[in-house]
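Quick heads-up: it's one chain on its own, the form predicted alone, in structure tokens.
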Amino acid sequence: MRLNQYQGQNQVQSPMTSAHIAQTMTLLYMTSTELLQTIDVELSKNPALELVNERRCPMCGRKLPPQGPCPICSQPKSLDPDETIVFVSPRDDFYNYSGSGKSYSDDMPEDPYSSTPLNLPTYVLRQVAPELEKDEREIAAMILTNLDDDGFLAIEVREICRFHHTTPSKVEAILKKIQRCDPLGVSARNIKEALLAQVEFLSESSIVPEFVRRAISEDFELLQKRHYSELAKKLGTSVQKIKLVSHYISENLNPFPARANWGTFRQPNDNTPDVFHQPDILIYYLDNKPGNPLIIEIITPSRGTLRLNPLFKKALKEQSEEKQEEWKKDLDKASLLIKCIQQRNNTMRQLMEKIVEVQKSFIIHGDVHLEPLTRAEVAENLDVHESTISRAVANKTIQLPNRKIIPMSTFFDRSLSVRAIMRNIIENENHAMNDTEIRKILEKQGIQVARRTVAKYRAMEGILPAHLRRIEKFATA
């Protein structure tokens, strides 16, 4: 039964329905490890809930062999090589079985896949350090640790001078070098300075429209308010040229440098795990042979089979009326937990069936083949609310056939295929191309993105800007 179908039940059942939906939503948001902890807590405090030491398939209920998945649910239903098998598996399979009968821990890569985020000061300092003397690096470090969330310098230059016993001209020279790092304009003191730093850098490799510098430095407020006629009159030019200036700025410049990056380098998302060790879902080939059907094994954290305690149910009948009322609450809670876990398993299975249907090429062939997919589209297809899909995707990780572990949200990352293509362009470049040149190549391939979007994607991939790639290539030549 799908989640939204509970909403159609009558008013008498609505309290139970509300509890069922609320708890299912809570369980959906949890990872396998978190769900196991929740089950352990409930087992410790609810006598009506019992864990039987037997292995049963969470889908069909059959008793399972000591190791391995359900021999029925894990097998293809036909001889079609394009068929995908999706099933729910008990937690012990996570450790003892990964499609080959081996211990999962035995096959774990020595170098686990990591998503360790950089903060903005470290990211920029790594770029500018080779261009600075030792004492200048200390000044740069002070500058970068005093940036606000937009990437602007939050202290006065004279404070830096006083602390390091140096001259304003030396600090200004270091600021200029930092502002040429990625993201362009970082450490500027205001929007105008950030934009002008970006224009100066871009003008070295591309044509900047006439009046861009003057529009920013002299009458930027008029440009922001789109008072094109008044600005054109002040600068002695046509409205058409001012509109061209506005278009160039919106497509190529970023008034808030730190926002050019993925999330924020200054405040990375603490909810994202830094290293993925135990995936919630395993994807592999049948018999571990590429070309065979894909197996999608959804891990459910069960060391046995959850059920209502029969001794508790029997003893309930022998209690006083007051005690019966109290014991029934425990029984209802245990029953609700079991049903909600079943509902969670069913929702995860439906979700993975849809994801693999759309993203099979990505799973097999890599990033370039990722198809555009939104949570809203999946929700509509499964006839559930979008928030249900969001909770099911949140915090989950998936191990691909190549044993790479990725966040489940990657399947909905519309930028990933473009980033993969861009990465390939840069890997095969004859010279260190700037972001404008990369944008033009992407455009020839039918991919329309702004220059600042290229800069953002490049930052996400950890690729240095062109001038630093040139230095790097020269140093290794």
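The term rigid core refers to the most C-alpha atoms you can superpose between the two forms while keeping them within 1.5 Å. Numbering starts at 1 and follows the sequence shown. These figures come from a predicted structure and were not determined experimentally.
The same protein has a further form, the form predicted in complex with the DNA, not shown here; the description that follows concerns it.
- For Arg452, a non-hydrogen atom is located within 4.5 Å of the DNA in the model of the complex, even though that partner is not displayed.
- In the model of the complex, at least one heavy atom of Gln448 sits within 4.5 Å of the DNA.
- With a 4.5 Å cutoff on heavy atoms, Thr31 does not count as touching the DNA in the model of the complex; it lies far away.
- Residue contact check for Arg414: one or more of its heavy atoms lie within 4.5 Å of the DNA in the model of the complex.
- The listed set Lys323, Lys289, Arg226, Arg162 contains one residue whose heavy atoms approach the DNA in the model of the complex to within 4.5 Å, identified as Arg226.
- Contact with the DNA in the model of the complex, defined as a heavy atom within 4.5 Å, is made by none of Asp182, Arg189 and Phe256.
- Proximity to the DNA in the model of the complex, taken as heavy atoms within 4.5 Å, picks out 371-379 from the listed stretches 169-177, 195-203, 371-379, 139-147.
- Residues of 328-349 placing a heavy atom within 4.5 Å of the DNA in the model of the complex: none.
- Once the rigid core is overlaid between the shown form and the other one, Gln224 counts among the residues whose Cα shifts by 2 Å or more.
- With the core superposed, Lys233 shows a C-alpha displacement of at least 2 Å between the shown form and the other one.
- Remark: with the core as the superposition reference, the CA shift of Ser32 between the shown form and the other one stays below 2 Å.
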